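Single chain ahead, written as structure tokens, the form predicted alone.
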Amino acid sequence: MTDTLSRRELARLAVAGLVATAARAAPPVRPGRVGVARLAPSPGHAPIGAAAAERAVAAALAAATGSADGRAAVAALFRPGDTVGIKVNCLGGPRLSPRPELVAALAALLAESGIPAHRIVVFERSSRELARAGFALRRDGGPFLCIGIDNDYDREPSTSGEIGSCFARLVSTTCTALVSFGVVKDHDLAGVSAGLKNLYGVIHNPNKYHDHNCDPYLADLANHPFVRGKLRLTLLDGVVAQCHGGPAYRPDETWPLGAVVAATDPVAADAWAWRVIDGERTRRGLPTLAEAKRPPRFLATAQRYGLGVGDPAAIVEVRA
């Protein structure tokens, strides 16, 4: 049995989602606002308890949206008829990827808001990366689906600004709503890899778009209708963060940030990560990302496109 969905299964999910989308209003966005919940690392990178993960995710969501609790936050952002794709960033392997417990906590909140398990889809570029990061692959059954794109892209590219790419059919056709679930880490070309850089995993040719600190390419990708029209939420696993040597995992460059981060403004989430990473680099006597000639230039471009707030100094951090 393959871990990718068949064309018939994808089409069924897409039709169900499109019917729901036709009647829904645009979800609320809090420009420049980032919710941060405390979650201390477990010794030896042991799994985080389900209850602690659920509390942290719910608290971060409530802080980001100004809602009474996590359930209310999810209900404001998603509808029971949505098909929700949760793109996780597993490039860093088991020690620098979103923890499965945190992803499961988000999926549980989505289910509580009325979204059926078969329309909650956790995905990454490949099944191999998911499995390596500790996710159980699943194309049916369970509390949510978990599959790799595995080269299942649109046959023809579409354009946005300076990118021309074939998108994963999960993103272009099937999902009506997206969540970018990334990590907080340095990137040797983009400067920061958090929520927006994670989205390079939904196109077939991200290798073409790393010049000039990934600017304007990351902003152009986020401005594409497949992303701009569907991306509702960014979550970051910042329990352990990395300030240098990314995007690969470098244990000597990590530190216990101890945070779960949420934002409805995807640009603000990355600007917050930039600020935090620069703070740790300064504490270690490293040059800032700008001094290292790799500032996340794409954030200013994304702000010009009206995608969110890209100035780290303008971010409002709301602690849960």
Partner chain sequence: MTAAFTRREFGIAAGASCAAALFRRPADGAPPAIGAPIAADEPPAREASWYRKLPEGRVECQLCPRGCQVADAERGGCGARENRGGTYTTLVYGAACALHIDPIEKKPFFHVLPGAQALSYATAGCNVECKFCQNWEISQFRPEQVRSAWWPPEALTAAARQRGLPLLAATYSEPTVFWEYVRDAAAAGRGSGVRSVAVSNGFIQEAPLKDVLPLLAAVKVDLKAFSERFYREVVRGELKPVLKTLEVIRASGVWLEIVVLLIPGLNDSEAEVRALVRWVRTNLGTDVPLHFTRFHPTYRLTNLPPTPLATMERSWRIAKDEGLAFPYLGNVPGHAGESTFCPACGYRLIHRIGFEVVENTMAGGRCSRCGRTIPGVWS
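A quick note: this is a predicted structure, and the numbers were derived from the prediction, not measured. Positions refer to the first chain, counted from 1.
One more form of this protein exists, namely the form predicted in complex with the partner chain; it is left out here, but the text below deals with it.
Of the residues 161, 94, 114, 229, just one reaches the partner chain in the predicted bound form with a heavy atom at 4.5 Å or closer; this is 161.
Between the partner chain and the residues 123, 217, 78, 135, the one pair within 4.5 Å by heavy atoms in the predicted bound form involves 217.
With the partner chain omitted here, the record of contacts in the predicted bound form names 205-213 of 234-242, 205-213, 168-176, 81-89, defined by a heavy atom within 4.5 Å. For residue 191, no non-hydrogen atom is located within 4.5 Å of the partner chain in the predicted bound form, even though that partner is not displayed.
Though the partner is left out of this view, residue 153 does reach within 4.5 Å of the partner chain in the predicted bound form, counting heavy atoms only. Among heavy atoms of residue 246, some come within 4.5 Å of the partner chain in the predicted bound form. In the predicted bound form, the partner chain sits within 4.5 Å of a heavy atom of residue 128. Contact with the partner chain in the predicted bound form holds for all three of 157, 187 and 250, each having a heavy atom within 4.5 Å.
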